[in-house]
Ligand code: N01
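So this first bit is one chain, no partners, the form predicted alone, shown in structure tokens.
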């Protein structure tokens, strides 16, 4: 059994951010539990062709670890993964990581005031504080298609890309037209003999201004870091301004729609195809895509877009509701992630045997997306209602980590053993979030999306700006938590 002060589950950006913030405040007894053989999270797992970030690179970096030599405005996935590992190495986080340890469950022990954490490999950890940094985007969503299990060709999810798969000169099908599809389809279309893209709902697509960053400018960033900070600040405020689209501001919505429609007309000349690829819901209701290659790829002679549901999958073909059987040798599921399910099924057992899966059965909720009543000394980074549609998610993770570590530091200074959020504070926060969400495009835009659960509730998105969230986390502290003081040595503290 391994004993530690702070155990962080997940070695992606969230876990690294949490570890760095804890170290900054003097916490050294830290363990990062990672199911894979390296750090990286979603940027390690998603290796499909064209994978990239849709947030400008200088904003998709840690505030204290700027990178002056990004080569393009928007970074490729492999470059982001390299950056994260570079940060982890420079901060000496690899020695505290325990790799190939798949988390299977955790239970709070009221007697010892410790979390008992178990892994699939049979390892057991005990920790005073437990932090879930697994994020909502780690469980691939596999569509429930009749006959999918009878398919005899090569089939995989985009997040489980097989680099050994032969695409060239083969019949390929991609199911889905979301963010991953928009990035991988142009690459697949160039190599496949025939590509069929199955679209359930059309996405809104805006142009991607992804110019190269000149060498001279990269040198200036390295020599005068304040220039890079200025770029980051300007980019931040530009991204914050786009939140007006999601609030339903008529001027912003109208401008975004005009840009998207013009972008489509420039990329597609076929009026019939334009009609099939025009969304029937308000812009922003589903994730807005950024791509210059999506529409040109779909008009290629070897590409066909099939709209509407899939009727069934057979051994070597897919049959659409149009009744046509189209041959398939390679089937790529670009169907995203089960974000709401990933939150609702987290295997944590808190005070008095309360299971998080039961507590969150109707809708996941947490105070500041970071802590849940009934679960002592358990925190989340990028928990419920912290995802964004307009800005860098790393900013949210940093704000949460700063809040959590500030609470932990106050506990240490005041000799407090246990904290959990006050139920009334958690409820007030959740009521505020859901009340604001009800007025946004995510709830009123007329679409279904991965942001919402089966009942149409939204446990994923933060309805406000990043600035508003940061203000909330900065103003919150131990006064919003129930506390249990440390009365003498912690029970079991003398154990090996």
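No experiment lies behind these values; they were computed from the predicted model shown. Numbering follows the first chain given and starts at 1.
Not on display, but discussed next: the form predicted in complex with this ligand.
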Partner-free chain; cross-checking this ligand in the model of the complex, the single residue of 183, 196, 386, 365 with a heavy atom within 4.5 Å is 183
Could you tell me which one of 318, 298, 129, 175 places a heavy atom within 4.5 Å of this ligand in the model of the complex? 175
Of these, 357 to 365, 95 to 103, 279 to 287, 415 to 423, which stretch puts a heavy atom within 4.5 angstroms of this ligand in the model of the complex? 279 to 287
Whether 236, 399 and 478 jointly form a contact site for this ligand in the model of the complex is the question; each needs a heavy atom within 4.5 Å. no
Does this ligand get within 4.5 angstroms of any non-hydrogen atom of residue 200 in the model of the complex? yes
Contact with this ligand in the model of the complex for residue 38, defined as at least one heavy atom pair within 4.5 Å: yes or no? no
In the model of the complex, does residue 69 have a heavy atom within 4.5 Å of this ligand? no
Touches this ligand in the model of the complex: residue 442 (any heavy atom, 4.5 Å): no
Within 4.5 Å of this ligand in the model of the complex, counting any non-hydrogen atom, which residues from 120 to 140 show up? 137
